[in-house]
Structure formats: C-alpha cells, structure tokens
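Take a look at the structure tokens below, where one protein chain is shown in two forms, each on its own, as structure 1 and structure 2.
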Structure 1
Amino acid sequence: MQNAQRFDRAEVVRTLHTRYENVYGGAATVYGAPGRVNLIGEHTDYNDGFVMPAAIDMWTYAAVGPRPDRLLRVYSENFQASVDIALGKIAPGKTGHWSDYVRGVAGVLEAHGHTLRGANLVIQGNVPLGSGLSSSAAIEVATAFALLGNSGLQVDRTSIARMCQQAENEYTGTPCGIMDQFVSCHGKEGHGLMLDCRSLDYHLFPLPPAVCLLICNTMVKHELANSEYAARRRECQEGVRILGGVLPGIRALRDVGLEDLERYKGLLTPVVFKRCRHVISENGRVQEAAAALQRADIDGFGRFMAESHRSLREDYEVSCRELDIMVNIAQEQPEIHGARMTGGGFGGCTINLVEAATAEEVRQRIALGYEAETGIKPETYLCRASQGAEQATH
C-alpha cells in the first residue's frame, strides 16, 4: 500500500528558503496555506447553504521576496518550471497552465485595488493534485498571503478567501463556491468549521482528540467532473427559478424547506426535484451533525455522513463506482464512526472518522479491500485538522 509521503513542514520551509536563495539570491519570507477535507455539507456552498470542512495538514507554501520591477517571477518546485507574469497586464481567462492560479490571484487582488509589488516566488506543496482536497485553494491562498505580505498590505482573511474564489472562477473556469478558500484561510487546529455560506458567519467545533481524519484516495478522476459540477449548479438555479414562482422571496435553495419542495414537486422535472432534495436535506444534516458533535456523539455524526453519501449517490448523482466501493468497505469496519465521499465527486477522496488507536490497521484493511475490488492501489492519508494560512515561522 502506498501512503502519502509524510510532510515535514519545517523541512519544506527550510528547503524553500534554500531554493529561493539559489534561484533568486537573497532572503525570502514563507507563507503557507492548507488543503481541506469536507466532513459534511456537499454541494451546498453555492446554494447559500451550510458546510463543515476542516483544514488538513497538507500544505502549499510560497517563498516570496521583492523585485524592483512590476514582474512576478514564479518557480514551481512541483512542476520544476518557471513563469513570468507582468503585473498590470493580467486579464481574466483560463490558459490551462499551472500558473493560472497565481496569475488569477494577482489579477483579482489588483482588480480590488490592492496594488502589488513585483515579486520572486518559489511554490511547493504536498496537497495531492486533482483529488478533491483543494490543492487549488491552497495555492491560491498561499499566493495571496505571499503577494499581500510582500507588498506590505493587510487584508482580512474573509476578503482573501472571497478574492481567491473569484480568481478560481475567473481564471480557471471552475464555478466553485466559497468553502475551500474559506477554510484554508480560517481553519483551526483540531476543529471542524461550520460555515454559513450566505452570511459567512462561522463556528469552530472541536473534534474529539482521539478521532483521526482518514482520507482515502480512489486515484480516479472522471472526465465529466467539471462539466457535471457546472450542470448541477444550473439544475439548482433552475429549481430556484421555478420554486420562486410559488415561493416569492426565495433567493437560493437555502430558503426552501423539504415540505415546500414536496408540495411543489409537480412543477419540477424529476431530476431537478432530486437535486433540490439533496441540497435541502444536506443543509439540515449539517446542522444536525453539528449538534451531534456538540454532544460529543461521534457515531451520531457518522450516521449523518452515511446519509449524506447516500443522498449524493442517489439524488445528486455525483458519486461513482470507485467512491461507493471505498465508502462501502469503510462502513463495514466496526472501528469507523462515519464515511462518505468528500468534495465535488466523480472520483477523488473519501473521508472517514476513525479512532487514532486503530487507524493504522483500519486504513490497511480499507486499502487492501479497495485494491482487491478495483485493481487500483489507493493512497491513504491520516490527517489532523489543521490551522489556516499563516506566515511560516521556521
């Protein structure tokens, strides 16, 4: 079984300082931002609903230092490649290059009036790419912290999260919600973060210290992930448009209850009805799961996770064979409190809550079971909830 390479943060920061000195000369300041796993509340963020993610101890770091001109020179340790971006000439649009995230963040920061200084950057991270753990939010947020820090600008974390989301929307063509960037900015060690995606009010819930976040990577990402994500957003908008005719004043599915949805079922196509039912019921589950956590009822929390997975599979139809296999195997393990797919779906990872004492053994069982059934060797990551973005002090 292949495991995630353990990430020694102090070591990475040291490497980045050295790399910066070798590539550009001089001293750098290092900023980092974490990826995230979503505990519950899937496909609710862009419906003004509730989510409960946690930042994880997989990070992207950006070493930064000033330049005298208006250029961003960016070296990616992961891609072993360098790119130049001219400040003042950045326009929205996707090129498909890894530097779109950096270009996007710089473009959006400047569009909001934060005039940036030229900078040299070295970027490195260990959030697995394209596996639903928000490697993109991590690079966006780390970049934003680095560029703002380098320019002597102070911006609050919520505004940073919003600008990073905008960068992802406008420069990578992904119509994502606010969840990933928000928790990458506001995460807290040992805590899940419940976010109201309309007001952006949030509440931090301590996770039981004996419980680990076991993340299992199916190692697949189906082609249709992006187009289906956009299609789900449209289906939700369609639901709001039609229900708005009989429920004046609703702005998003957040404003609709299950009883009203059932009452007006006949107005919706069966597909739109199912999409709405997922979102509305998922919003309820997040709130009930938060209450369970507050009572330290981790098995109760797990039952809402199971229900969330079922709803994502049957009503929202964003799961896939590999995710279902991984979740089924996990749900058969007596030591697992809860298991579900996490993130946008169509591949990527599952999240499992497991006691630290048995985590190692359980993850091996799940990995072997998954490989036996699919022929695919999964990666598994034993994580802890981590703090949000910060300047590295090492």
Structure 2
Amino acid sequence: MQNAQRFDRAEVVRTLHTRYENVYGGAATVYGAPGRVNLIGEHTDYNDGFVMPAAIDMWTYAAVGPRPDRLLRVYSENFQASVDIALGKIAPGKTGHWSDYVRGVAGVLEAHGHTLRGANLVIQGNVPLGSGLSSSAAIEVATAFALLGNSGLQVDRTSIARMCQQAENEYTGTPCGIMDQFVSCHGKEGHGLMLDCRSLDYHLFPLPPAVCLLICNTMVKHELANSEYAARRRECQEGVRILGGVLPGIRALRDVGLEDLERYKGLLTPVVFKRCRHVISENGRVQEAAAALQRADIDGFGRFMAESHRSLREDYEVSCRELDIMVNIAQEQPEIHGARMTGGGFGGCTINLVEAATAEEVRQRIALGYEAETGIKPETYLCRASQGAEQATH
C-alpha cells in the first residue's frame, strides 16, 4: 500500500523558484492547479447532465518568466526533460509526448486571439499519472494560468476551462468533457462542486471538515475500457434518437424523466433501456446528494454513492471485479460514510468518504484487504477538497 507523495506546497514553490533560477536565471512567477476526483455523477457529462467533482490537494505547478522571442522553453521536473515550442508554428495533432498538453494549451489560447509572449517554464506536479485523478487537466490549467499571466492577459476561469478542454481534445486525442478542467479552475477548499454540463452553471456544497477523501487505485485498467466507453455513448445516443420520436424537443437524456423512460420502455432494446436508466437516475442522485450535503447529511450522501455504484455495475455495466471488491471492502468499514467507483470504469479508482480521525488506519485496512483478495498491491491517497487554480506565493 502506498500513499501519494505529499508535497508541502510552500516548499515546492520555493524549490521551483530555485530550479527556475538554476535553469534559466532570473526570477519566476509560479502558478498552480489541482487534480480532481468525481464524488458522484458518472457518465452523465456527455449526456448534458450533472456531475459533482471536487478539486483535490494534489497539484501541478508552473514557474514562468518572460523571453524576448516567440519561443516556449519548457522543462519538466517529473520527466527530467526539456522541449522547445515555437509559438508561431503550433498546429493541432497528437505526438504522444508529455509536452502535447503544454503545446495544446498554447495553441488553443493563440487560436482564440490571445497573443502570447515567449516564456521559460519549469513544470512539476504530484498528481499521480494515469490514476484517473486528472493530472492532464492540472497541467493544462496551470500552463494556461502561467502563459496568460506571463503575457499580461486577463481571461475568465470558465473560458480557460473551455480552452483547456479543447486543447486536450485536439492535441492529445482525448474526447474528454469539461468537468476536469472546470473544477481545476473553479474548485473551492472544503467543497464539492455540482456542475450542470449543459449550461456550465455550478454550485458549491460544503463537505464536513471531519471527513476526508480516500481514493483507492485498483491498479488495473482493462483493455476494453476505450471501446466500451464509445459503445456506451452510442447506446445513449440511440436512446435519445428513439425517445425523441415520442418526446419532441429532447436534446439529451438530461431531458428525459424516469416515468417517461418506463412509459416508452417497449421502444428500446433491454440494453439501451438500462443505459438510459442509469444516466437519468444518476442525474437525480447528483441533485439529491447535493441536497444531502446542504443539510450536512453525510450518511445520506453516502447512500447515494452506494446507489450510484450499483447502477454503474448493473445498468451501465462499467464496473469490474476489482472495483467491486474495493468498494465492498470499504463498505464493511464503519468509519466509511460512502464508497463507489469513480471515473470511466473497467478499473481505475474508487472514492470513499472517511472519518478523518481514523483515515490512516482505514486506508491500511482497505489496502491490505484488497491485496489479500486480489493479489494486487493498490495505491491509496488521502486527500482534502482543494482550492482551484491560483498564483502561488512564497
């Protein structure tokens, strides 16, 4: 079992200033952006629905200073490598290099009319790569804040989130929604963020200070994840197409109620019906979970998490043996208020709401239990809901 490396934020900022001075000379300004975990609301984003992520206290930082030319010179502390990017020659497309995220953000910012000044950058982060905690959004948002700040440009946070999403779509080939970048920009310490993925309206809901976030990485990612994700999207679209014939004006499953779904069940195949039922019921769960947080009912929130996992397992069929084992072990712990898979499914992580006073002991019990049952040593991360992107001080 392993806990994520915990960065002292003030120390990391001091280190980045020193590294920048050693690599480039001169002073730098440091900007940071957090990763995220989704508390509830899975596979609803591409159906114009509701999600409730939280920014987490794992961050990516970018130290930046101006250059006299139109070049970005980027050094990654994590990869111990550097790359040069000519601002006038950026074009969409994936290379598979870690710098695609930086290149993409710069390219999209310029494509939207934000002329950037050349910059030297040092980038460092502790969001675990490939864990489903959105290290990609963290580097995108930190880079955007750094490049805009270095160029003296003011852009609102929602626009930054949109452009970072576009960068990931066009420069890394990942067809992600806007949730990750949005909460990395708009997160608030100690709060979950309920986002309407259609309007981008959002509301912040307080998490009890006595509860922290325990993220458990199953360490598996089954090969069928990408193809099955695409299949689920097609099945949802098929549901909208068929239901649109009897429910004029619907644009997405967001616009369909459970009563309407049951009424016209006979028009749908059993599989498409189950996919629709998950999305429609999950949208309702997100809103009910938000109401539970508003009245400080963390156990009620946990019940909606359990219902979400059941629906993802049985109706959307995106869970797997390892995720179910991890969730089952967590649900047996009396200090856990709620547990569910988080992310696209077929492996990846679970999210658990755990009493902070006993979180370390519970973390170890879950990790040992999972390893005993699967033979796989998981990674586990204890987190708090964090502030969104900001300029760092030292």
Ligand code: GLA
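Rigid core here is just the name for the largest C-alpha set that superposes within 1.5 Å across the two forms. Remember, predicted model here, so these are calculated numbers, not experimental data. Numbering for residues begins at 1 and runs along the sequence of structure 1.
- Between the two isolated copies of the chain, the form predicted alone corresponds to structure 2.
- Fitting the two forms on the rigid core leaves the C-alpha of D156 displaced by under 2 angstroms between structure 1 and structure 2.
- A movement of the C-alpha atom of R198 falling short of 2 angstroms is seen between structure 1 and structure 2 when the two forms are aligned on their rigid core.
- With the core held fixed between structure 1 and structure 2, Q287 has its Cα displaced by under 2 Å.
- Once the rigid core is matched between structure 1 and structure 2, the CA atom of A230 is found 3.5 Å away.
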